[in-house]
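A single chain comes next, written as structure tokens; it is the form predicted on its own.
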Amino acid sequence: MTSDIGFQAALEEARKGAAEGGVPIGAALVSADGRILGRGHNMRIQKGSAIIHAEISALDNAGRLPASEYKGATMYTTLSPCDMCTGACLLYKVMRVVIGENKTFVGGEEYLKSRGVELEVLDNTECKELMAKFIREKPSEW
């Protein structure tokens, strides 16, 4: 799974966020047929935003799409989605969420499952290391 195009795009976005000095969380929204619809990374620090989390950034970068584009889509995210991002996944009827890691933070996973969303947690080492480094170097930003 870690070679999956969606996960690789999310991981690239997390690295990009880290390189910009931001929270190293990335996401990618992938259609049922395997096309990347949108990708993005957390921009809370870079833009001084309370709401530009990775999943929101990926949805925003996908642009306004017809509902049919979201049908069967997968959201890949390097960290367990917070309540806001969980809600966005539900709003757009994302049917599957693939999470890089959930040791640093556990978001709305149980709620997603209760609403019929398929979850997969990869327990990816690089995702955990990116977050650990960020928290160690910028604890006040976490």
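Remember, predicted model here, so these are calculated numbers, not experimental data. So that there is no doubt, residue numbering starts at 1 and follows the sequence shown.
The form predicted together with another copy of the chain exists for this protein as well; it is not shown, and the discussion that follows is about that form.
- Out of the listed residues Ile52, Val117, Val98, Ile36, Ile52 is the one that sits within 4.5 Å of another copy of the chain in the predicted complex by at least one heavy atom.
- Another copy of the chain is not shown here, but in the predicted complex it comes within 4.5 Å of a heavy atom of Leu91.
- By the criterion of a heavy atom within 4.5 Å, Met84 is counted among the residues contacting another copy of the chain in the predicted complex.
- When another copy of the chain is considered in the predicted complex, Leu59 lines it closely, a heavy atom lying within 4.5 Å.
- At a distance threshold of 4.5 angstroms between non-hydrogen atoms, Ile45 is in contact with another copy of the chain in the predicted complex.
- Within 4.5 angstroms of another copy of the chain in the predicted complex, the stretch 108-142 places a non-hydrogen atom from each of Tyr111, Arg115, Glu141, taken in sequence order.
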